[in-house]
Ligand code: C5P
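First comes one chain, alone, set out as structure tokens in the form predicted alone.
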Amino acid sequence: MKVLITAGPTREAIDPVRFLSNRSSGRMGYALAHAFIKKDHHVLLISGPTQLDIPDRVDFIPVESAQEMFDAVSHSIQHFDVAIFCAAVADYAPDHVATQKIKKSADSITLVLTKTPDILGSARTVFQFNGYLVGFAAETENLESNAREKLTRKNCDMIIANDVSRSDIGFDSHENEVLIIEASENTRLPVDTKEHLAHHLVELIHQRVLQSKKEQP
């Protein structure tokens, strides 16, 4: 299979030295890329800034902002059988980026934020992607209901959800616990290393892709 994976955070510039971002380490996306490569699948990894080593034998596109990730996915996705959107993409970015460093002068400043492009939500509509589509849902409440709503709204085949309010898993952790949401069933994978979880997810996604091909007329 040919697999596109997004990973890591995005950085949305405020001025030449400051940016808005999040706590994503990129480990889950990189672990998935490595696991797919070990199974001899072809992988394109599109990643925001991380401190991780690029897995051997992957094609790699580094990006910074949500718009850059949107553009990279848009230009590549039609060549792939599977798209897995694991990146923690900023939902909003500063409306204006200062050309010089903002000095500490006023007691307060106001940032106007505008919505960034919806990469996962564009997969079926804007990009016209017809392959197997996997999204991630990082939630702090109502994990199952929020993830299932996302499955429908984004027209995904699978949503992999995790509770990022917990300090022992998810962001900044080597371990995770995920709830896999599909149209007809839920599957929970208990706490494990992201590398072990990636192996299980690769096996499951591969099975689902093979099933979907058999069901096609």
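In this text, residue numbers run from 1 along the sequence as written. Source: prediction; values computed, not measured.
The form predicted in complex with this ligand is left out here; the points below concern that form.
S.K.: Does each of 86, 119 and 154 have at least one heavy atom within 4.5 Å of this ligand in the predicted complex?
M.R.: Yes, the whole candidate spot contacts this ligand.
S.K.: So, residue 34 and this ligand: in the predicted complex, are they within 4.5 Å at any heavy atom pair?
M.R.: The answer is no: residue 34 has no heavy atom within 4.5 Å of this ligand.
S.K.: Even though this ligand is not shown here, does residue 91 get within 4.5 Å of it in the predicted complex, heavy atoms only?
M.R.: Residue 91: contacts this ligand in the predicted complex.
S.K.: With the cut-off set at 4.5 Å between non-hydrogen atoms, does residue 150 touch this ligand in the predicted complex?
M.R.: Yes, residue 150 sits close enough to this ligand in the predicted complex that at least one of its heavy atoms falls within 4.5 Å.
S.K.: Pick from 133 to 141, 106 to 114, 74 to 82, 93 to 101: which stretch has a heavy atom within 4.5 Å of this ligand in the predicted complex?
M.R.: Only one stretch passes the 4.5 Å heavy-atom test: 133 to 141.
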